[in-house]
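Coming up is one lone chain in structure tokens, specifically the form predicted alone.
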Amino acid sequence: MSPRDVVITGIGLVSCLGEGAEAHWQAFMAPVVPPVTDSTRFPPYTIHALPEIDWGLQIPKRGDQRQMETWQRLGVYAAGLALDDSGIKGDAGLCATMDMIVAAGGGERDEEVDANILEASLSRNDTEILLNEKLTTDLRPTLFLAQLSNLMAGNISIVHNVTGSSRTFMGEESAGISAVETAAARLRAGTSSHVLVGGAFQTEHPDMLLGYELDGHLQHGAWEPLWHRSAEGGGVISGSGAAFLVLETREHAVARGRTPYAIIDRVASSRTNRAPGALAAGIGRLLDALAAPGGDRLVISGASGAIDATAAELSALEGSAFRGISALIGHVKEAEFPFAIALAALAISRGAALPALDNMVETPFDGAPDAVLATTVGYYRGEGAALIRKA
């Protein structure tokens, strides 16, 4: 035990399952399989859509809500839940000294402008002049600001008054991994005392789905079990969601009387060459680097469903009791890794393992877990893992 142990004191989650740590714990402890999904809005693709959310509960000002796109509102809302859960929200001193590390992609494109450009290009050959015309006449100036990745962190600062240092990582699942890895390293080094870290992804927009489909990663048709997606398409069924964590040094949490959910013992990451057979070995090396407990090992997996990457992870996790959380919430990209860590911390703090979500491949875990692995393997590149243990 060390004063600089990295402890989790706040959890904020939003997904198709609802909002808050308790709602997600209940949903995973009594899973509905197959889950509720939407296959009608973006055919032939299926998504895990958000439920109705009263944004005003965490973003009181309508003006703040209006100037954010949904992916930003998701992040700000989940960050507020985590701050509430940790007891930091509203404490001016703690918020002013709190550092923030966010994983975020870009914003949404203006579909109407894209369509106008494509239509005009059918009758014109001066492409460069056409693009300049459209950029100066069709696009509203504020759209560019709405696309900036660091706007999520900026809005968290504005709404929740978190005004310490701020960093934003881009790079899909790897961004979420790097955000947590960096936050933990800063706490262990004494550079930070408390950090807000997390990410958000909004899939309910055609251009967000396009990013997956350009390289053939999206599952076509109805929902299928996470570990068995090979019938049609690329295997990814995406979801809208956000996950934020409040991390502190143990001494900081103790000084303000907070009981942690769990400790982030170690975090490891890599970018394995995705040549045939290499990824499973690379994931195995990650788990070895964490010195993860052997025997009955519980793993909360953020597997995306992407055919090759998920098959490699399934091979690497053989012999463990693993749970593929994307089966219920969908693949939430930048938020995937903090989401897996949050559920691992809840399992430890509640003294119970999540039940199997797929009885064909996921095996039971008996007893109360003292240590849980959280993994995320990028659908295209990047992989990471964290060892979460009892505080």
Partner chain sequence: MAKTTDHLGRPVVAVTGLGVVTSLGAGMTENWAALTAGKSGIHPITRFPIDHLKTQIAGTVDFLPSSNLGMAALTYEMAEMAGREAIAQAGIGSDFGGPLFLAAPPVELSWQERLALYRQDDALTGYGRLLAVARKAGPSALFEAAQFGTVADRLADAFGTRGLPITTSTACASGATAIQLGVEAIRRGECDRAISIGADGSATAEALIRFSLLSALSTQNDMPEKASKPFSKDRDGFVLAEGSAALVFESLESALARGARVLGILRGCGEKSDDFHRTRSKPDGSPAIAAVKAALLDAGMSEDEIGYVNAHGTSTPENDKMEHLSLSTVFGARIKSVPVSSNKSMIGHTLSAAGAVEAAFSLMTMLEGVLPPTINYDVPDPAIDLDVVPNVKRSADVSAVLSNSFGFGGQNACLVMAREPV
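Between two forms, the rigid core is defined as the largest C-alpha subset superposing within 1.5 Å. Positions refer to the first chain, counted from 1. Remember, predicted model here, so these are calculated numbers, not experimental data.
There is also a form predicted in complex with its partner chain; it is not shown, and the following applies to it.
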Testing 309-317, 150-158, 249-257, 222-230 against its partner chain in the predicted bound form with a 4.5 Å heavy atom criterion leaves exactly one stretch, namely 150-158
- prompt: Does Gly277 reach its partner chain in the predicted bound form if we count a contact as any heavy atom within 4.5 Å?
  reply: no
**Asked** So in the predicted bound form, does any heavy atom of Asp85 sit within 4.5 Å of its partner chain?
**Response** no
Worksheet item: With the cut-off set at 4.5 Å between non-hydrogen atoms, does Gly171 touch its partner chain in the predicted bound form?
Response: yes
**Study point:** Partner contact for Thr163 in the predicted bound form: its partner chain, 4.5 angstroms, heavy atom
**Key:** yes
With the partner omitted here, the residue among Pro51, Pro44, Pro60, Pro34 that in the predicted bound form has a heavy atom within 4.5 Å of its partner chain is Pro44
Near its partner chain in the predicted bound form, with a heavy atom at 4.5 Å or closer, the residues from 256-273 are Ser269, Ser270, Arg271
Item to complete: State yes or no: after fitting on the rigid core, is the Cα displacement of Asn116 between this form and the one not shown at least 2 Å?
Response: yes
